[in-house]
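So this first bit is one chain, no partners, the form predicted alone, shown in structure tokens.
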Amino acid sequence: MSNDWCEIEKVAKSWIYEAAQIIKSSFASSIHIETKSNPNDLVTEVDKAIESFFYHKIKEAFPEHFFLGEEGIAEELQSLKGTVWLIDPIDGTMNFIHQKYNFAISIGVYQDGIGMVGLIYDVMADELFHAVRGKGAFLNEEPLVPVKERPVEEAIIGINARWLIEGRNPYRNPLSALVRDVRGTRSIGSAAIELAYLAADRLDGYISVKLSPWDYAAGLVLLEEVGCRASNFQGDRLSLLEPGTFIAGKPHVHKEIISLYLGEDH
């Protein structure tokens, strides 16, 4: 059974706006916070409720589709065969808790491992970045133009400062050298928003030593439509089933950072 990707995007948009209203209404009551892998890896009942919301919407509308989400509502997938929705219900949970700002709903829809639909909704800024494969990327309904290249020394890179001071991080020294060489760095605290900003030409690159598929699945669809590239630190294709190193950028920036800072010899 073939999918109408534009129709799927339209349905996903309506769900995103509905989910955003649920999130906003949660601010009226106290939010229960739990930790996951470490004291700074936070999850709330709102994250779980929004993931459950999407899971049940998808199962009802597209029962033959599969689901992969951050909070583990569905069974873990072993493959990306068929149509798979990769969802982060609230990307930037720490921001959601502390700032009530700078968090996003991220939805990527893949067919046999190929990204077909990507949506990243910055809830509080009311910015919906969205794309269907081969049809361009948009911010709300305005088309995003292909990105403009800048040399590395003029680039602004999204990177978390933790990666520069974490002693066990084998990439600490090359990343520190990169940060010294670029024009500036930013850390929003939501990978999805930072990838959307890259697609919208607000950043030139984004780097993480460890990023999960639901963090970047939607972003990859957007980035492809505007001519950006994404890979692991070795320049290899990203896994959509397990976390790993991640770099995305405008083609020249992406290539230069890997060859000069992150390649096999570093």
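Don't overthink the numbering: it's just position in the shown sequence, from 1. Nothing here was measured: the structure is a model prediction, and the numbers come from that model.
In what follows, reference is made to the form predicted together with D-MYO-inositol-1-phosphate (IPD), a form of this protein that is not presented.
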D-MYO-inositol-1-phosphate (IPD) contact at A131 in the predicted bound form, heavy atom, 4.5 Å: no
Are any of the heavy atoms in L198 no more than 4.5 Å from a heavy atom of D-MYO-inositol-1-phosphate (IPD) in the predicted bound form? no
Any non-hydrogen atom of H32 within 4.5 angstroms of D-MYO-inositol-1-phosphate (IPD) in the predicted bound form: no
With the cut-off set at 4.5 Å between non-hydrogen atoms, does N160 touch D-MYO-inositol-1-phosphate (IPD) in the predicted bound form? yes
So, a 4.5 angstroms cut-off on heavy atom distances: do all three of D204, S231 and H252 pass it with respect to D-MYO-inositol-1-phosphate (IPD) in the predicted bound form? no
Which one of L119, A137, L178, A191 is close to D-MYO-inositol-1-phosphate (IPD) in the predicted bound form, taking close to mean a heavy atom within 4.5 Å? A191
Using a 4.5 Å heavy atom cut-off, indicate which stretch of 109-117, 166-174, 182-190, 147-155 touches D-MYO-inositol-1-phosphate (IPD) in the predicted bound form. 182-190
For the stretch 53-73, return the residues whose heavy atoms include at least one within 4.5 Å of D-MYO-inositol-1-phosphate (IPD) in the predicted bound form, in the order they occur. E70
